[in-house]
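Starting off, we have a lone chain in the form predicted alone, written out as structure tokens.
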Amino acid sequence: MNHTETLTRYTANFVDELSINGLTDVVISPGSRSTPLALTFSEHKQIKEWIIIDERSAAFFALGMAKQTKRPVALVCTSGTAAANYFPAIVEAHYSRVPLIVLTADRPHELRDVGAPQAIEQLKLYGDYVKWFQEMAVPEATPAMLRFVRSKAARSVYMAQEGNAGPVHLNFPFREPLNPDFSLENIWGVEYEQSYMPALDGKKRLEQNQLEQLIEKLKEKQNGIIVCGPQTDEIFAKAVTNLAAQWELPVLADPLSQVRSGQHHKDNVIETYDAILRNEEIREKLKPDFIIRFGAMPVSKPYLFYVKEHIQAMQLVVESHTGYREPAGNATEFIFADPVLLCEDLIQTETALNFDTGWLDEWKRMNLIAKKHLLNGTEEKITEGEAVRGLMEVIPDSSSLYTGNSMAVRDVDTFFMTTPKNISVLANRGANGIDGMVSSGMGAAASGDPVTLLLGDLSFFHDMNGLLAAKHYNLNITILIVNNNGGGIFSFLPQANDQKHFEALFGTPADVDFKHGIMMYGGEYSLVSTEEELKEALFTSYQNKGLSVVEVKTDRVTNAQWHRHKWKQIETEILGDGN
């Protein structure tokens, strides 16, 4: 068997096994050394290939697609710094628990560390940010080697999804010539009806005696809260709100918890807790006996202050799999069990829990006050909060909102009120960076579902080449840019008091006219100045096909003042009513 046939059968068996294990999408960046993988993926009828030129953009595109579909997505690139450009998205995938299968081509062993071009050290390139690494063998086509590649392909799909999902990395050393021969017979090997290495995983569930121990700890408590942090399980919202209804407890629901929207019971959902907890006196009045948190830590910084100030409260953190996400540093009991099953089991317990219903009433009273101030009033020139408020009013049912970091996600936290619409809210809150946001949104839109991407001007500028995917694949996506000409979040931080260096180091105005860039990628563009104009422009964008961008221009200083005025109104009425 010659080199080309060996290369073809080795690579084809690997790719075919990925497909058998459920892989449907691969994101490929062009390069020579990755030719065997790129061509073989493109030849396989069950896998859709997406070509993204820039590797950094490609990795975030794959990340967004995996977040949206909740399935692993593969990445393919050539050797050298191409692989290094994946790093930011791999870090994000690690911390936000997103399954990626990273396939990097490499020089063969004899060309490493000898000064050969485009050769860097790629073994364990991503360190502990990947769940599993495998240096693949130089291609052979013996029966034993074909079984080897199938086993590694099957394991890679499993490992990416097992437990806390995340990225895995396989490094392929290829010798030249690099072109496979697809005219050969039976290149895909033996037709397997199932995975070469199938695995059955069950969900974790507390035993009856453990449930009883948990109930015993709660029996003597009066004032508790259920906190829902970022998570993506679509059926969790119904389970947790049913539990809250039975126990008569408030639910502090992060916008990424998927609890604020949908058809489930939402009477106990407190969506304005970020605004409520900004005042220290209010935080002290709302002293909890216990906190049960599902999912990651919420976005809200006032909630972090609240937790730190009430270290006496018993805190229980529920995780589907082992993990220690507790940045406040408080004493915490971790419950490693499926959240939905835990809620259902707790509802079925026979022991009566008599929590203070006045506690829930107080949270609801404050929530109504906060909602009144946040939803009322219209400025002559639109503010950033009004932009998010208008977006949430017109965003289509059964669609996704992909929100950027910094001010974007915080305004979603503040102005996204409960709704019967089914809105999936996504964000890159693993490492919380502003990079790769456009590409992430494009990856989510590639699933075919309606997607709105909300982000600031710096995030948009940072990843403008991500727009190429919309043009190349005619993706349907609406982008709302909130342009405050710089880093608006810094206006809320102590750095804003340094007038000498603030603009240069933190404000960082780019003074870019985005319209020209958007037109270059074939997008529709509109600039709006009022909330009504915004809603009209967004509504029109949802009727259009392809890329639509709506821009809102705001002032950073005015925006900070407007937010603080809203917060002051809320705390004044809450404290006034409570005295």
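All values reported here derive from a predicted model rather than from experimental measurement. All residue numbers refer to positions in the sequence shown, first residue = 1.
Below, we refer to the form predicted in complex with another copy of the chain, which is not included among the displayed structures.
Of the heavy atoms in residue 65, none are within 4.5 Å of another copy of the chain in the model of the complex. At a distance threshold of 4.5 angstroms between non-hydrogen atoms, residue 465 is in contact with another copy of the chain in the model of the complex. Taking the partner from elsewhere, residue 35 is found to have a heavy atom lying within 4.5 Å of another copy of the chain in the model of the complex. Another copy of the chain in the model of the complex comes within 4.5 Å of no heavy atom belonging to residue 203. Think of it this way: in the model of the complex, another copy of the chain has a heavy atom of just one of 538, 547, 528, 28 within 4.5 Å, and the residue is 28. Though another copy of the chain is absent from this view, in the model of the complex it lies within 4.5 Å of a heavy atom of just one residue from 235, 504, 144, 331, which is 504. Contact here is defined as any heavy atom lying within 4.5 Å of another copy of the chain in the model of the complex, and by that definition each of 129, 458 and 516 is a contact residue. Segments offered: 131-139, 381-389, 364-372, 114-122. Contacting another copy of the chain in the model of the complex at heavy atom distances within 4.5 Å is 114-122. Along 42-76, these residues reach a heavy atom to within 4.5 Å of another copy of the chain in the model of the complex: 42, 43, 51, 53, 54, 55, 56.
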